[in-house]
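So this first bit is one chain, no partners, the form predicted alone, shown in structure tokens.
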């Protein structure tokens, strides 16, 4: 049975995928149904959940369900885009370090060690403070603080592949290191890259939510973290508007749970393959 078949039949993968699809479909359905946008003031401030406004309104009278439905997609976009960038940089750096060894490996790994020794949130706060807090700058900052962990993982996996019989045979035939990397190593990195993207997405969502909660995200676009920022700024909890905190926080938790279950399924079946 192939790796993809084993993962797709894993109960953890199926549960994670079901949660992720449920959250996405509900958000998409409301986006198609709702006549409002995230900028429309459609009710009284801090109106509690009702049939017209299932998740109530915020301090400006905006429909929270509309905010949340837009926020889910922005949060997922930032997380996935950051994770793809993280995985790409990590793949290139990790494979390069493992293949060329020596001085190249030493330099790259010392850079990785230095970046890993610094708390990612601190680096992200400094970089976002320097750059304009736009959505693309947030993605760039998350990628900068996230790629070292991916590179270390890829390097370790590449070193194990370097001992494989087909790589040894390719070396014996006189293949260059670049040929071995492009022809034999990178094509066999699919499980690791996929796992890196999932882990990176999870970490990116949490980091983006934290930055947005502190007001350092792109406030012109509504993410789930931005909704929490608005709730904190308007003292929603003191005003009794629990829905402004509970529902965005619950959705972040569900998305992270779904990605965690899918990642565990991939890791479990990767070990079986090995």
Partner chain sequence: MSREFAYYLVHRFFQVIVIVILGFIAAFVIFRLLPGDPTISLLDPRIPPEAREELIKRFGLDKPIYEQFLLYVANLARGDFGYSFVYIGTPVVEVIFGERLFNTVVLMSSAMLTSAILGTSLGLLMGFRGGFPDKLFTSTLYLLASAPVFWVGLLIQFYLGYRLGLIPIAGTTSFYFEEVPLHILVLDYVHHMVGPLIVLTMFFTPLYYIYVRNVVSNVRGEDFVLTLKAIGLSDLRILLRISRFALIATVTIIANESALLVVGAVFTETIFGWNGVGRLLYDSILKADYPVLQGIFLLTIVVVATANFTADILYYFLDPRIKVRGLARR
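Just so we're clear, the structure is a prediction, and the values are computed from it rather than from any experiment. Positions refer to the first chain, counted from 1.
One more form of this protein exists, namely the form predicted together with its partner chain; it is left out here, but the text below deals with it.
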Listed residue that, although its partner chain is not shown, lies within 4.5 Å of it in the model of the complex (heavy atoms), from 177, 104, 118, 156 = 118
Sole residue of 131, 182, 92, 169 within 4.5 Å of its partner chain in the model of the complex, by heavy atom | 131
All of 114, 216 and 246 within 4.5 Å of its partner chain in the model of the complex, heavy atom check = yes
So in the model of the complex, does any heavy atom of residue 232 sit within 4.5 Å of its partner chain?
-> yes
Is the gap between residue 51 and its partner chain in the model of the complex 4.5 Å or less for some heavy atom pair?
-> no
Does the 4.5 Å heavy atom contact test between residue 260 and its partner chain in the model of the complex come out positive?
-> yes
Decide whether residue 66 counts as a contact residue for its partner chain in the model of the complex under a heavy atom distance cut-off of 4.5 Å.
-> no
Heavy atoms within 4.5 Å of its partner chain in the model of the complex: which stretch among 159-167, 92-100, 122-130, 78-86?
-> 122-130
Would you mind checking 85-106 for residues with a heavy atom within 4.5 Å of its partner chain in the model of the complex?
-> none
